[in-house]
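Just the one chain here, laid out as structure tokens, in the form predicted alone.
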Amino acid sequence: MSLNTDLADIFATIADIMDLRGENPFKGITYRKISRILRDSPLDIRQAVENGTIGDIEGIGEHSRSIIEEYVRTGRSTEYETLCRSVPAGVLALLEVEGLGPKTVARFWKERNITSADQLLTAIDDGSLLDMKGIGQKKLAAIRQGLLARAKTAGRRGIGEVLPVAQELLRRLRRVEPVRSAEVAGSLRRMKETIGDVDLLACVAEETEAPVVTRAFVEFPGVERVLGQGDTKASIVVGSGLQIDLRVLPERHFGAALMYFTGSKDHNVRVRGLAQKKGMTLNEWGLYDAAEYARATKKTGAAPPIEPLASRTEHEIFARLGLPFIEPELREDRGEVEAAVEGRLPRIVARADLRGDLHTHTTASDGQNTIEEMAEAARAAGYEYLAITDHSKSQTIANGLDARRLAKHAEAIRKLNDRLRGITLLAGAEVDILSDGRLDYEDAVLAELDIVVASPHFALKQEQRKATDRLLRAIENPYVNIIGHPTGRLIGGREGLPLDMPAIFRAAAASGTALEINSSYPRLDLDEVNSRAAAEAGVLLAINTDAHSAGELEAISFGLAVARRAWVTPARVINCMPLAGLRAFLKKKK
């Protein structure tokens, strides 16, 4: 895990503890802001401490600087550890449950000595909390639902938490001298939205070099426990409790191992079956002639003493089987092997296809960067266009804009656009879909914008008919171009609106309204199942970040992964259109 991420997590936890202890709310707000600054900052924090420039980072004051400096120099924070001891660990974990805020969690802890999810679920079920003032049966039912939803993902973590940890370990692995190549495997390489353990593979020229790699791996910074270490395998647990498993093997077998350990299991069974029909055997060591493999003397845990037909790369293995390369995100046994055999495997959308981001925020509402800073970051990312879509007036907590402020904001966007080179800005808004389907701005206000994203932010527990009618009304509005994060779900948290998806898809396709794949973790909304169904129903999609800072534009990779797992092609994504095509799409509905 990177130092910036470690420190961001520390300040976020301090903010949670401040809230639980009932301290001045501005303390929590300040610590959360520092957490976000550190998480988004591209600066090397260690270097900033060493050269004395840490205090130059806007938003980091003297007290927070002392916490950062102590952690950088010692690997510990005295204040953080003291604060953590003041609150049971299980109490902090309850803040991750939908429907539970710090005030309610603190009451359960202080008034009823509830310090874990199991204790809380038991207390709800036995009715012992019904006499607590201000906590009625309806609220307890919502909390119970949140606890059960959290339990469904027990033992698994969201991809937004896991991927940065894995990427940092990969960077370290690739710097270990004997390592020729290193990659993520397993469900993380397939970019599933939740992950159990992380699988890493590294290759060396010869197997005799492998012990050097496993020894270095278990000594990496951030390793909390070593679960096991051998010559070619090692398992560790990092500070967050995440388990990482490493396998090291000779380079000549790397492609076969990567293919095998990427999975999925069902996909592998399907490909092995195809190999058998062709008179070949496929395993973690390579693709072999079946008859020769059967005659070979084999030893457990070692490559067979025969020459493989293919093994060095996945591409050569697929080619030897007569298949095109199947992207890792597709390897779920959802028809990808059959499609590859029949020559109808689609070219799924890639990062290079995306020409812009159509849902971003600035300091005008609750963003961290100015219009110009967001534009510069988008241009640096290679985008052709960027939509600025700050919050509407109902989002008071997010400093939402009323109609007058919105008009001035749109004017500022257009003035900047007139002098910008290399990128085009679109003046837009993320307008709230109110509980009855009305929008937060009048049509006359929306008509003045270049683009409108309409999103549900509250009343996310409506029954299906009411929730569906609510979104249908927004879809039918002639000025709405995109429905943002349509269900409002959060991975490991709330389930979101129980929409009649076929009805939503029919209306969106008929009206020319795009549905969003929101890349912001833990949203990833639409999910892969609904994204695929939407595309197959003729709906156009928009892959957006909902970025609240320049750094968050990089989160596009998460939404892109959802689209790729959903078999979405560039033709179905509006922000793969060139600017002229996008403008035509936006004007068509009005």
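One-based numbering along the sequence shown. Think of the rigid core as the biggest set of C-alphas that the two forms share within 1.5 Å after superposition. Treat the numbers as computed from the prediction; the structure is a model and nothing was measured.
Although it is not shown, the form predicted together with a small molecule is what the next lines describe.
Participant: Is the small molecule close enough to G146, G492 and R494 in the predicted bound form that each of the three has a heavy atom within 4.5 Å of it?
Facilitator: Spot residues vs the small molecule: no contact at all.
Participant: What is the one choice in H253, R379, R405, R272 with a heavy atom within 4.5 Å of the small molecule in the predicted bound form?
Facilitator: When the small molecule is considered in the predicted bound form, the option within 4.5 Å is R272.
Participant: I need to confirm a contact call. Of S520, T487, S187, T214, which residue comes within 4.5 Å of the small molecule in the predicted bound form, counting heavy atoms only?
Facilitator: Exactly one residue meets the criterion: S187.
Participant: Taking the small molecule as it sits in the predicted bound form, is F261 near enough to touch it, meaning that at least one heavy atom pair lies within 4.5 angstroms?
Facilitator: Answer yes; at least one heavy atom of F261 falls within 4.5 Å of the small molecule in the predicted bound form.
Participant: Can you tell me whether D199 touches the small molecule? I mean in the predicted bound form, with a 4.5 angstroms heavy atom cut-off.
Facilitator: It does: once the small molecule is placed as it appears in the predicted bound form, D199 has a heavy atom within 4.5 Å of it.
Participant: Check whether I195 has any heavy atom within 4.5 Å of a heavy atom of the small molecule in the predicted bound form, and answer yes or no.
Facilitator: Yes, I195 lies within 4.5 Å of the small molecule in the predicted bound form.
Participant: In the predicted bound form, does E98 come within 4.5 Å of the small molecule, counting heavy atoms only?
Facilitator: Contact with the small molecule, no.
Participant: So which of 187-195, 443-451, 173-181, 300-308 is the stretch with heavy atoms within 4.5 Å of the small molecule in the predicted bound form?
Facilitator: Of the options given, it is 187-195.
Participant: Look at S435 and decide if its Cα position differs by 2 Å or more between this form and the one not shown after superposing on the rigid core.
Facilitator: It does not, since the S435 C-alpha is displaced less than 2 Å between this form and the one not shown after the core fit.
Participant: On a core-based superposition, does Q243 travel 2 Å or more at its Cα between this form and the one not shown?
Facilitator: Yes, because once the rigid core is superposed, the C-alpha of Q243 moves 2 Å or more between this form and the one not shown.
Participant: Would R36 count as moving between this form and the one not shown, using a Cα shift of 2 angstroms or more after superposing the core as the test?
Facilitator: After core superposition, the displacement of the R36 C-alpha between this form and the one not shown reaches the 2 Å mark, so yes.
Participant: Looking in the predicted bound form, are the Cα atoms of V198 and R36 closer together or farther apart than here, the change being 3 Å or more?
Facilitator: It is closer: in the predicted bound form, the C-alpha atoms of V198 and R36 lie at least 3 Å nearer than they do here.
Participant: Quick one: T370 and I29 C-alpha atoms, closer or farther in the predicted bound form compared with this form (3 angstroms or more)?
Facilitator: Compared with the shown chain, T370-I29 is farther in the predicted bound form.
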